[in-house]
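Here you get one chain, nothing else, as structure tokens; it is the form predicted on its own.
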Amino acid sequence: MTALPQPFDESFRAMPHAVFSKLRDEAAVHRVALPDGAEVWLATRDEDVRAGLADTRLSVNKAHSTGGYQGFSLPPALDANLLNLDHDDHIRLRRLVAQGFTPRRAETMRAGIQTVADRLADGLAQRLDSDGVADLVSEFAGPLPLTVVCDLFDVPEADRQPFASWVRTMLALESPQQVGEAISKMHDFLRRLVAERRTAPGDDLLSALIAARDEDDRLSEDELCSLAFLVLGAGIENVQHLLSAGFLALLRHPRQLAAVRGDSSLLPDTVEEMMRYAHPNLTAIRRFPTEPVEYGGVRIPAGDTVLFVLASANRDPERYEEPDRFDIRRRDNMHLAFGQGMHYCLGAPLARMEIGLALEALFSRFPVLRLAVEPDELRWQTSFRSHALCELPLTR
């Protein structure tokens, strides 16, 4: 039996977009092996990725897998979330969640997010004054979404430091044992928080989810904890990595940085281009066909694992003009950073707001910021799932 290609090697970790470009040029769909040996299908072109993300014949439910890649393993009590449910179950859960996770709720957080961003920018300035160099990731891009999520759930002040420690351990993914322990502690904490809010509801997202109902249908205890865990992971990790990688893109394109500094009307389009060009999620969550499907002329059997490569689709030259060029004035920018179809991200309005307010705070506080190291000295944490900066050292 011929061994499958393994594209996620050292060259991929160094230049993932170059590897995706090569795969995209060679074929629309590839059968490959992941680093752990699991066999998957990679769909790399925009047309197929858009179609696949909206295809109801493809399931996110692991029960439809006939083997191979299963994704990140969670305890059953944290697995009952929107990323693991299809069709009627997904619609039911999404309808209930939407009652609490509204654009209006995100908008009510604007002033608080701006205050946090301004405070963190002041702390970044103090670090630059004292040391001459400051890390945007640890001093700004990481603490911002962590604080926003804590505010979103109204996490008590006394619990925020251990909460932050568990989050950092989970996102680092350095020790499976430590990650497992952090997930267990987070689960216990979320169960306690749900119980407290049932007794004494507040004006936070968790209280709104507890109150959400459709006729006699309500979210179960496991569903509440799973959804809170999902918001925690996606709401912190994605914003942290997108903000740091997106700001790096601006630093490496000084004319565009100067343009958006001088014209705030360019800010929304800048955020969208950062999401297209520098989003940390390389692939969407795995899908399993419930019947044979065909993409790019390739037949994929039922039960196999399919990964739709968002990063490749977002730089497909058949969809975008000069896709490897960072351009905040790009006219056609209907990217796939938040997915497509049923699983489109409910937190998109909040993420867009956070990134925009973060940039405003940095632009207002710092007339000049520069990279403190050469670009090729930056360290990245890269897997087939994500591509994220470990740190972003800055100086004035």
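When you see a residue number, it is the position in the sequence shown, counting from 1. Note that the coordinates shown come from a computational prediction; the quantities given were computed from them, not determined experimentally.
Absent from the display: the form predicted in complex with a small molecule. The rest refers to it.
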item	value
Close approach of Tyr320 to the small molecule in the model of the complex, 4.5 Å, heavy atom	no
Close approach of His187 to the small molecule in the model of the complex, 4.5 Å, heavy atom	no
Residue contact check: His343 to the small molecule in the model of the complex, 4.5 Å heavy atom	yes
is_contact(Leu242, the small molecule) in the model of the complex, heavy atom dist at most 4.5 Å	yes
Stretch from 136 to 144, 260 to 268, 281 to 289, 110 to 118 whose residues place a heavy atom within 4.5 Å of the small molecule in the model of the complex	281 to 289
One residue of Val40, Ala361, Ala351, Val29 in contact with the small molecule, assessed in the model of the complex (non-hydrogen atom, 4.5 angstroms)	Ala351
Position in contact with the small molecule when the complex is considered in the model of the complex, options Val167, Leu250, Leu82, Leu78, heavy atoms within 4.5 Å	Leu82
